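Just the one chain here, laid out as structure tokens, in the form predicted alone.
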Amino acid sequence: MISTNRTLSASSQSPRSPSSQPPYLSVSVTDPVKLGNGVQAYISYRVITKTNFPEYQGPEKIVIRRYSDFVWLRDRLFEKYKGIFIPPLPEKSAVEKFRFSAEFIEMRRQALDIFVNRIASHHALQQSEDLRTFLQADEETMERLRAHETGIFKKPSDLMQIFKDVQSKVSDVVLGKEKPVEESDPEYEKLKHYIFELENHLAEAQKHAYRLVKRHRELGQSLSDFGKAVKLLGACEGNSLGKAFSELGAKSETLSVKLQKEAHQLLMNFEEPLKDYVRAVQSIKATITERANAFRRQCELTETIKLKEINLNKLSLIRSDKVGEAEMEYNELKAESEEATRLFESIVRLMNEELVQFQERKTLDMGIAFNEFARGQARLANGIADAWRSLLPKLEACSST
């Protein structure tokens, strides 16, 4: 999947070539290294940027980043680019024994590479000042920025207050005190239904892909154990039967290696792409929530303006000295309402554009993933069949004597 997302590759373009070359921004996430010990341990990555964008400090920049830096970038983009599907990040493993396994580290490195290149290839997100900061700032600057974000947006007390507000709103709806304001657009309802169904189906497919990987690994381990046992059995026999058993054991161990390799390929090229799209759909759902919030805000302001207008008319009729203050409040609310309407309309427009791109990319990526899966299974089945078939003459000779 990496190759399909790097549409702005610098492999055929030198940063020092003439300025007539098309603009490009290429990013590589490489060289994961474990730093620290115990609960303070984390993985750092070398992030290499190659570009001819004039806003950047030079044609190539190398910085060191950790997972929380990628989270910072994702959160900043989500706050600023309403209506755009912000690429998803891989999950942070909570299981200590898997956090620093070679396989997990490589899967995360690949997912982070995909994440940042999707941003770099997006026509709007690639212009982000936060992306430039992420790709160029030194480690101390990034640490300060992360600390600033944590201090302002992610204090436990703030999160608890948000939770209480949501809980209160849900209670009001359940008790009939408040009815949620929702869009009544049939096409939008169809879209939401599709996204929720897509998430369920992708999650189910990913779950079974995980089971396939697990089955390949278990079969590979069983063949390895069987091969060792049969080779020991062959060593006890000094005739042709012993030799046949030894070859059978060796062949089993060879096939075990094939199965383990295929399991890894299945994980990286099939299960991980499915998991990535589960995360992508969750990102779309987050944007749907933003759209719903923008719509509700627009409706709330419209209703408030109507009440303010009625109050302003009453004050005007009685020639109250509060008319000026009421008129100022009314105009401020009207300007706020117009801004809320523009934001909502912008989110709708951007979502429609993003969905077209998402569908095109999904068709391509899923086609590649399922093609790789089918090819891998065919290759494995043929390899296993050829291996066992090569042993048949010797085993048949032993059974006929």
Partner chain sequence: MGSENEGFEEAHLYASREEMENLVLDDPLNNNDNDNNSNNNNNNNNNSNSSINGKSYSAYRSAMSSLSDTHHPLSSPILATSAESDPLLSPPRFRDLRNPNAPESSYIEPPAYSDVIFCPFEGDNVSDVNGVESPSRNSDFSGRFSRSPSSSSSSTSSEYLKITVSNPQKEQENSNSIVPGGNTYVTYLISTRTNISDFGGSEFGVRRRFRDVVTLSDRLTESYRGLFIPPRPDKSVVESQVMQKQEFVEQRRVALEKYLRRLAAHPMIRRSDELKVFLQVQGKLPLPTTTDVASRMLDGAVKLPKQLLGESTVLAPHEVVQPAKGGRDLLRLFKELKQSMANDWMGSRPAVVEEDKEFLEKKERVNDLELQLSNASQQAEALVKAQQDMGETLGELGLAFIKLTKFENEEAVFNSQRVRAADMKGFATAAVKASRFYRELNAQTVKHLDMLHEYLGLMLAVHNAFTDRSSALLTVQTLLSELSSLESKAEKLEAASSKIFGGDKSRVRKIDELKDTIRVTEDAKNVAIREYERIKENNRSELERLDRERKADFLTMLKGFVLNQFSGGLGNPNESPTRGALGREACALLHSWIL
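For clarity, every value in this text was computed on a predicted model and none was experimentally measured. Residue numbers count along the first chain shown, from 1.
We do not show the form predicted together with its partner chain, though everything after this point is about it.
- Only one of 116-124, 302-310, 195-203, 78-86 lies within 4.5 Å of its partner chain in the predicted bound form by heavy atoms, and it is 195-203.
- Contact annotation for residue 226: at least one heavy atom lies within 4.5 Å of its partner chain in the predicted bound form.
- Its partner chain in the predicted bound form comes within 4.5 Å of no heavy atom belonging to residue 181.
- When contacts are judged by a 4.5 Å heavy atom cut-off, residue 67 does not count as touching its partner chain in the predicted bound form.
- Contact check for residue 393: a heavy atom falls within 4.5 Å of its partner chain in the predicted bound form.
- For a residue to qualify, one of its non-hydrogen atoms must sit within 4.5 Å of its partner chain in the predicted bound form; none of 72, 102 and 326 qualifies.
- A heavy atom within 4.5 Å of its partner chain in the predicted bound form is found for one listed residue only; from 267, 274, 112, 280, this is 274.
- Proximity to its partner chain in the predicted bound form, taken as a non-hydrogen atom within 4.5 angstroms, holds for one residue of 144, 92, 211, 322, which is 211.
- With contact defined as any non-hydrogen atom lying within 4.5 angstroms of its partner chain in the predicted bound form, the contacting residues in 334-360 are 355, 356, 359, 360, given in sequence order.
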